[in-house]
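Consider the single chain below, provided in structure tokens and representing the form predicted alone.
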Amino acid sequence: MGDLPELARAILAGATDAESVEVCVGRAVETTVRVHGGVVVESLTTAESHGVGVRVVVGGREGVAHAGSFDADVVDGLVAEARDNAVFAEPDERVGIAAPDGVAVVPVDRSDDSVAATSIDDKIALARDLEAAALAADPRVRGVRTAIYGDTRSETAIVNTLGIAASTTATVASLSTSVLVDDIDGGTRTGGAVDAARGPAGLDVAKVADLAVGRGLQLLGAGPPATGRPLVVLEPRFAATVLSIIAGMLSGERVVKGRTPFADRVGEEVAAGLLTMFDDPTDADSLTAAATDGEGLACRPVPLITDGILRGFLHDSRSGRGLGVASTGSALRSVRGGPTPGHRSLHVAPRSGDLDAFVGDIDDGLLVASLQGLHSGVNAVSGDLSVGVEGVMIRNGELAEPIREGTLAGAIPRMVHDIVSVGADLERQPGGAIVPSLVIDGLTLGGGG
């Protein structure tokens, strides 16, 4: 781990008996390689960042301060700066730092030494191999827009005056590409894919290239869809995207502020009985697994929806105080910002079937290939949803014509009730979710056809 816990404790020593203080210290090294034309390294960057964040709570007021350096002349004054900032804050009965809650930490190994041990030349070779594989995958591939290798090594330490002391290390490596495919109308389609693992050895060049090219090819000749209400089939990567939006609405902070359609519904049926969804950062198979959260509390499985019944929300200590409940160890944070509750490793319990089986059983459906405008097209307060979509129509159990410039519209509280199939084909996503394919009824597909 190095010297980060010692640095955090040294900064904490500036606290007085009259205040509660939390110190978060982080360091990261990031490498990114972009290649073009097989022999050209378009860009190569390696950057190291440092950060220190301090929260001081005194008299019901919270002050924060942060710095992007470990230099003594910078960090030595952070507690005093945060203390001064607290004077100008409004009193808030919810502010405070986390206290140990007795939940045991489940060790999670998030590091792969090969990230640091792999040479720059070998990292460049991975990106070049990816570009070459994509170009060779199909004669209709006109070019590769991007072929990128990236990795990050990070360390974090959190200590506070109530006895919290936590430290973590993590690595992640990734490959991604976007390909250009000649369309039958003379235009160009694009296809993209990404793979991520703890280290370079876990990356699959051929898989990324084949997925990217296949996603471009499946939309050749696409046109606007006819308006209708087809069954919508989501492969795991899109199921993860949609379910992450739902999980975001289960943040305790949203509940406190009345900004979610799921507030005050614990114990009620809020989804189809097929859906069991939970956050489990202790699952080492998830790339976002963690032993401790952003306040230093032990991460733990958090049930959200079980057989369609809302079980609870994701809490940090602040949102928990607002509702009179304990933190669920769900604080997320960066060094520069304070904690906020959220999901880290979203899971869905598998049921039966897979993507191919779902397609084969549908007479009128849409296999989603792309979703656009998710940030602007979802109202997290009301749950209304309207997003752009590309995909392939399903006719009598077969993939039919591709579509683009479509719109999917509905309401998330209704949509989760209209899940008609949950697959057994669990996939680990680069963003940490482990979810299967889904089939959803009741959404409206709009278009010009």
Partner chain sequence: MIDRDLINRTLGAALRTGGEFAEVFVEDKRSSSAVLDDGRVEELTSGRNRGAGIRVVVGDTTGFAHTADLSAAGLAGAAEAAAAAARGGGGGVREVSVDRVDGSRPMPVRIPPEDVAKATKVDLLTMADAAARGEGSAISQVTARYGDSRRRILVANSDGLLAEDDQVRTMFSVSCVATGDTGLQTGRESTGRTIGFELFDEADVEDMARRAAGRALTKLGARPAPSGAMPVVVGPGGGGVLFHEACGHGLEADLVAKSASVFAGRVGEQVATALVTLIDDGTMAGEWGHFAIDDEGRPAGHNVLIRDGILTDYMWDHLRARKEGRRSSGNGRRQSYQHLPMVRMTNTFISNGSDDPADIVAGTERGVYVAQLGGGQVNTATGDFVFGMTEAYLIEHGEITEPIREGNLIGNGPDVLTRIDAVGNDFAMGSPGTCGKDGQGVPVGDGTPTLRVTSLTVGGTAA
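Computed from a predicted model, the values in this text were never measured in an experiment. Numbering follows the first chain given and starts at 1.
Unshown form predicted together with the partner chain; subsequent notes refer to it.
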>> Taking the partner chain as it sits in the model of the complex, is P5 near enough to touch it, meaning that at least one heavy atom pair lies within 4.5 angstroms?
In response: no
>> So in the model of the complex, is the partner chain close enough to V58 to count as touching (4.5 Å, heavy atoms)?
In response: no
>> Considering non-hydrogen atoms and a 4.5 Å limit, does the partner chain approach N85 in the model of the complex?
In response: yes
> Using 4.5 Å between non-hydrogen atoms, is H66 touching the partner chain in the model of the complex?
Replying inline: yes
> Is every one of G214, L217 and T276 within 4.5 Å of the partner chain in the model of the complex, counting heavy atoms?
Replying inline: no
>> Can you pick out, from V74, A136, A99, A326, the residue that has a heavy atom within 4.5 Å of the partner chain in the model of the complex?
In response: V74
> Just one of K207, R265, R140, R145 has a heavy atom within 4.5 angstroms of the partner chain in the model of the complex, so which one?
Replying inline: R145
>> Quick check for you: of 279-287, 239-247, 223-231, 195-203, which stretch puts a non-hydrogen atom within 4.5 Å of the partner chain in the model of the complex?
In response: 223-231
> Taking the partner chain in the model of the complex, which residues along 370-389 bring a heavy atom to within 4.5 Å of it?
Replying inline: Q372, G373, L374, H375, S376, G377, N379, V381, S382, D384, S386, V387, G388, V389
